[in-house]
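As structure tokens, one chain now follows by itself in the form predicted on its own.
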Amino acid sequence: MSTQLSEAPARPAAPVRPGRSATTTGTAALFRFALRRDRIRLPVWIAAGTALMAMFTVTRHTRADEEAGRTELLRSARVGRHAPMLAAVLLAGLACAALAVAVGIGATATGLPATGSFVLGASFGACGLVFTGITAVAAQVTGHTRSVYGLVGGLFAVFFVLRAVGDIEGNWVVWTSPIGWAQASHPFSDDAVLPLLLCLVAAVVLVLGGFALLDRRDLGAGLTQPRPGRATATPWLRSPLALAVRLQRGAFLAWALGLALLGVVYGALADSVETLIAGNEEALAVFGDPDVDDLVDAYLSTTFSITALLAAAYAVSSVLRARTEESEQRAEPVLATATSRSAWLGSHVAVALVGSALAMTASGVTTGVVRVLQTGEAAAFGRMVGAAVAYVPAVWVVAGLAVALFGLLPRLAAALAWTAVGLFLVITMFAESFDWPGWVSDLSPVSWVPLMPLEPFTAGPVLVLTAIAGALLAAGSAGFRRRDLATG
């Protein structure tokens, strides 16, 4: 049982009254409790990004609490069935509103028009509300916290690709993505509010759907249940590495397939880039304002940098699987055997490093195949694979940061690691168009990699990134060997 129970509200909620309102009894007390629990995490998650903040907040106070047994304990008091999820949704909604205001004030402070600045903030907040609803539904469908993260994260990737396809092709596809709805507000130009109302309606419908699904499942269970496992383990599961591979094979296959498909999409759109983007100053700024002749290469280099951040997100989730195993006390029985701490942690780290490298390679291969088919140039395949693989050391730096946090600051590892991913994503996507200082761009390891295929490969930055990744991995491993298990 989590130590968070020591922070439970001292006074019971109001007595249950007959009628429909009984299902929400205790919401106010749980909301205050959740706000107190997240007084540090919430500002960090807001900084990490809109969708991430909504996903983490709702999941932490719904599925994660159920999985840990905390919801059952609270429900034994005068707390209605809907109260925990309602409190979580309200907290996420409050955070989305705070994000909208913060972005509006921050953008206005830089000298941008106030109306456009607050429309920009509202677009972030509205997108967060949609993912609040998506997470509320996902928490009812699946029975495990990591499954919620995987499902919502996968949907975010799908919506991101749909928005990109719709933007580049300029067609209706953009309206199949809530990210596209939020961006259709066009801050600083149209300042449209109607697309944001669409986000609000979708969020309300999704949340109501989540409550309806909640009434159709048992506490602690999801609407879908995993298959029963084998009665005995297969012979090959005799090493910590084999166990880590078995635990994470599903996640790896999903991420690798997703990045491979993303490579197909990005490669297929390359031929349309010169026609659709040339002359569009805002779009050219995103790609570093290249010459028209280099536009396709600039587009491809930008897509690989985004793909690298997605691979880094996989690497972080893979590393943090070790934290999940530890906090849920499944690591202790393994470490009670002859398995050393270094071998156990190293197995999860190996899966993260090798898996992210293979995922990046898969993206480069599919992009390369599509480009060969488009151009008829066999050399395009090697150029695309090389451009993708060049980002692997940058991905490993992010993975190394997650390992260092796991070893040294286990209680904050998940929040800080995902905040770093969100920060690097924001820098990569907006640093050029917002004309941020060079030192801000340098905070992201992705910015250190040569912009292949637009620029030639240089070994220096890649070697430095590899050395940094190694130092972070060593620090995390040393910290884990010296600390107690299941801290926090």
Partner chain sequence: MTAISVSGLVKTFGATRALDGLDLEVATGEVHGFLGPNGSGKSTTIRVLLGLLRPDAGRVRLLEGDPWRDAVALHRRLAYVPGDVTLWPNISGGESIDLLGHLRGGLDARRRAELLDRFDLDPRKKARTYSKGNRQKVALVAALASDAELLVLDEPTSGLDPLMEAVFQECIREVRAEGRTVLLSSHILAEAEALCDRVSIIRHGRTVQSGSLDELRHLTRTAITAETARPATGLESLAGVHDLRHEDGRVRFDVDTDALDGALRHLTGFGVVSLTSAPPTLEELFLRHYGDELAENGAAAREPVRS
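This one's a predicted model, so the numbers in the text were calculated from it and none came from an experiment. Residue numbers count along the first chain shown, from 1.
Below, we refer to the form predicted together with the partner chain, which is not included among the displayed structures.
Visitor: Pick from 245-253, 190-198, 116-124, 258-266: which stretch has a heavy atom within 4.5 Å of the partner chain in the model of the complex?
Guide: The contacting stretch here is 245-253.
Visitor: Does any part of R216 reach within 4.5 Å of the partner chain in the model of the complex? Heavy atoms only, please.
Guide: It does not: once the partner chain is placed as it appears in the model of the complex, R216 has no heavy atom within 4.5 Å of it.
Visitor: Although the partner isn't part of this model, could you tell me whether E66 comes within 4.5 Å of the partner chain in the model of the complex, counting any heavy atom of the residue?
Guide: Residue-level check for E66: no, no contact with the partner chain.
Visitor: T110: heavy atom within 4.5 Å of the partner chain in the model of the complex?
Guide: No, T110 stays farther than 4.5 Å from the partner chain in the model of the complex.
Visitor: Does any part of G229 reach within 4.5 Å of the partner chain in the model of the complex? Heavy atoms only, please.
Guide: Because a heavy atom of G229 falls inside 4.5 Å of the partner chain in the model of the complex, the answer is yes.
Visitor: Among T224, T337, S76, N171, which has at least one heavy atom within 4.5 Å of the partner chain in the model of the complex?
Guide: After the contact test, the surviving option is T337.
Visitor: So which residues in 234-254, when you check the partner chain in the model of the complex, have a heavy atom no farther than 4.5 Å from it?
Guide: Contacts from 234-254: L237, R238, S239, P240, L243, R246, L247.
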